[in-house]
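First, one chain by itself in C-alpha cells, the form predicted on its own.
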C-alpha cells in the first residue's frame, strides 16, 4: 500500500531539521581536523605520548607540547566517576521501583524530580560547591587518613596538601553524571514485562535476588548508561577545572593535582594565539574529546537498542 501523501510531506518537512544535528557535528569535526593539521605536522603522534607543555612566545622552534598528562587525567577521572555512579544510580532505581510501594507514587515522583533537577543544574554550581565544600571535607576526613593508613598503595602514596586533586574531580563528576545513568537504567527497568517480574517472584526470590535478576535482563542498559556517563564525564569542563588542581602531572597518585583535556583548553585557549602552535594543539585535543564522545555515545546507543530488542 502506498504511503499517504501527507505522511511523505510531513517526513520531508522534518528531514532538514533532523539533519541539522548531523551537519553541525560534521562541520565541527572538519573545523577541528583542519586546524589541528599544523600541530600534527610539527609534532606528529608524539603529542599523545609525551608529557610536556613549554610554550615560547618568540621562538616557534623552541615551543614544545605533549598531551599525555591531560589525556590520562581525562581517562582516569571519567573512569572513576563512571564506576562510582553505576552503584549509586542502581541503588536509586532499587529504592524508587522496588522498595517504595505503589501507593507512595508521590515519593517516587519526588525522587525523579530531584534527579532531573540535578541533571539540569549549572555545572558552575557543582564546581563552586566542589571547590568550597567537598574538597576541604575530603581533605580532612578522607584523604589524610587514606594517606596515613594506606600510603603504601601507590595511588594514595602522595601527601594530600590540598583537596583539589584528581580524586576530588572524579567524585564530583560521579555526582554530576549519576542523573544521566539513572535515567537510562530506570527507563529500561520500567519496561521489563510484568511476566518476567512474576516469574522471578514465583520462584520465592528475595528482593535482592529479584533485583539482581531484573538487572541481568537489562544488563546492556547498565553498560549503555556507563558509556553515556563516561562520555559526559570526559567532556565536562567548568566543574573539573575548579577542582582538579590544574597541574601538569601524570595521574599516578589520585591525591595529587592533575589535569584534564577540557581543563587544559579552558585555561590556555585565551592565551593560545600568543604562542606558536598552541592553538592548533588545543584544537587537536578538542578533536580527541569529540572522537571520544562520539564513540562512547554511539556504543551506548547500540547497547540501548539491544535492551529494546530483549524486553
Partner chain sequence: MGLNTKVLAAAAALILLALAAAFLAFRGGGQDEIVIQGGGSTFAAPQVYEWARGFSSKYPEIKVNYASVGSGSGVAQFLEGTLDFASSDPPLDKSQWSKLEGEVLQMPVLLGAVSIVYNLPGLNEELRLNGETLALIYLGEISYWNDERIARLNPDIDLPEEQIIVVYRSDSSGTTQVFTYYLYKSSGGLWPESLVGKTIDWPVAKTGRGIGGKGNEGVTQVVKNTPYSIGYVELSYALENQLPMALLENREGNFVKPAEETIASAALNALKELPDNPLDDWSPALDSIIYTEGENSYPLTSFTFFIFRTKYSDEKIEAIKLWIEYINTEGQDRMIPGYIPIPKEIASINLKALEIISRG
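Residue numbers count along the first chain shown, from 1. Please read these numbers as outputs of a predicted model, since none were measured by experiment.
Below, we turn to the form predicted in complex with the partner chain, even though it does not appear here.
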Test of understanding: in the model of the complex, would residue 162 fall inside 4.5 Å of the partner chain by heavy atoms?
yes
Can you tell me if residue 76 lies within 4.5 angstroms of the partner chain in the model of the complex, counting non-hydrogen atoms only?
no
Do residue 43 and the partner chain share at least one heavy atom pair within 4.5 Å in the model of the complex?
no
Does any part of residue 58 reach within 4.5 Å of the partner chain in the model of the complex? Heavy atoms only, please.
yes
Single option in 110, 142, 132, 121 placed near the partner chain in the model of the complex, where near means a heavy atom within 4.5 Å
132
Run the contact test on 28, 39 and 285 with a 4.5 Å heavy atom cut-off to the partner chain in the model of the complex and return yes or no.
no
Which residues from 258-277 come close to the partner chain in the model of the complex, meaning a heavy atom within 4.5 Å?
259, 266, 267, 268, 270, 271, 274, 275
